[in-house]
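Quick setup: one chain, the form predicted on its own, written in structure tokens, and binding and motion questions come after.
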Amino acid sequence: MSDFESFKAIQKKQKAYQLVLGIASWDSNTEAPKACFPYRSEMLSIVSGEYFSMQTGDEYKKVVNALYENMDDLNDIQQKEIRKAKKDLDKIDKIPKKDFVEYSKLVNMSQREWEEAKENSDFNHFKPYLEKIIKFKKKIAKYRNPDEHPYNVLLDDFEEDMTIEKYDEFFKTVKEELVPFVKKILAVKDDEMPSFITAKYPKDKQKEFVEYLMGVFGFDYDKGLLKESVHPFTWNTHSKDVRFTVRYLENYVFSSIFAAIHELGHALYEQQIDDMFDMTNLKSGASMGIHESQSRFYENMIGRSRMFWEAHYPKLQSMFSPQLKNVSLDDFYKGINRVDETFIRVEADELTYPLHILIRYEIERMIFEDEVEVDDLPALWNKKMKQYLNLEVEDDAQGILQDVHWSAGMMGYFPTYALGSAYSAQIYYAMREQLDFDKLVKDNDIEAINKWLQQNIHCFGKSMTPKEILKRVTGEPFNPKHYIRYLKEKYSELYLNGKE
């Protein structure tokens, strides 16, 4: 058996463990009963330990290192597999197994404890878990690269080659060019919330409309399913098992509608990856930033466009006649694009959304520069919400406890949300040069848009880097000016009669 055949045989076993751990994680976030978690955490820590041993075993290290040293003997895809395997091995091989298992056990428990803390708006309940997670993340970052800033180590996990310096430059553009524009829009917005936005929409009807949207966007039911969870997310093991969740709020129907479209963006990306990658380590999206570009593209460029609702508002209006019968399409369109200061990131409008990410980025950076203690995080959060969004946070649930990410140990993830939004604008303008985008959306021909994205982005999985994808699709490197242009054009038209 050749070294590459040995590598693939071990990799196949690793995928079996990934499937088991992934299914358990899916179940934990959707259906598992509360009382099961101490036992489940203990059992899953054993499975995680076995998986860790397989990832760092002498046989696996030997074949990966041998293949890495003889890359010229491999084809292009095989070389990409081995580069990724080598990078992943170098990350995990430096972490002691005891710490890896203990950390896995902690995360398995902390997500349920976060849910309880959020439900009761009690940061102190979650605080001990967050303290341990932060301590572990710092320790793990030091194991992996003692000479690098710990936050840079974590940032690279979600967007390769992104650093504090690069994110600082990006967020500087957001602050200098977008924050003043946001304040200008907020100064002229109508303070009175349209009644149809906060009307009561029955949960069963919301679910029916979300299922309608799944058909509109071409979600393949044979390769995925929909569930409900506290925090919407998308999960997959390969291109033929892609699942997503939403939550239904009876007093805010747009939570489920736009969460569904957002998660469908993630899900369609995964379903449209070439199945040749299913048995490789290149089987998922290129990066979290590129992934987020797809979810934000579907949610905002399509889902919040007037053309989309020209096609689908009659359906929504007929399903929710008591709430929408006297609401015109124009008023509905303005309502779904209403700019307002809001506490909850996932319910934020498109324009103020990057400010929510800026807050999280600045807090995470302070955590890993040892500038803030866990005890002080709620007050820091509240201070930044006041600074950027002029909001007084009333409780922990609408403040620091609103997101699941820290309980899952996903620190360094948040900046990719803003980065992905910026990527999506750059991709959007490139697509408009090749497709009659407005007509396709208005005519409900989402299939043509899906096909373009599949051919230009989705099919490649991780075999192309974010830099390569942006260059291929747009002809230039990442340029956040497209994002600023997109937001200013759209919201100047909505609020300033087209004048910036």
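No experiment lies behind these values; they were computed from the predicted model shown. Heads up: residue numbers just count along the shown sequence, starting at 1.
There is another form of this protein, the form predicted in complex with a further copy of the same chain, and it is not shown here; the text below is about that form.
Shown here without its partner, the chain carries D438, A448 and H458, none of which come within 4.5 Å of a further copy of the same chain in the predicted bound form through any heavy atom. Although the partner is absent here, K240 is a contact residue: one of its heavy atoms lies within 4.5 angstroms of a further copy of the same chain in the predicted bound form. Taking the partner from elsewhere, D90 is found to have every heavy atom lying beyond 4.5 Å of a further copy of the same chain in the predicted bound form.
In the predicted bound form, a further copy of the same chain sits within 4.5 Å of a heavy atom belonging to M279. With a 4.5 Å cutoff on heavy atoms, K462 does not count as touching a further copy of the same chain in the predicted bound form; it lies far away. Out of the listed residues K227, H405, K203, K86, K227 is the one that sits within 4.5 Å of a further copy of the same chain in the predicted bound form by at least one heavy atom. The stretch from 24-32, 428-436, 469-477, 65-73 that comes within 4.5 Å of a further copy of the same chain in the predicted bound form, counting heavy atoms only, is 24-32. Contacts with a further copy of the same chain in the predicted bound form, taken as any heavy atom within 4.5 Å, map within 26-56 to W26, D27, E31, A32, P33, K34, A35, C36, Y39, R40, E42, M43, L44, I46, V47, E50.
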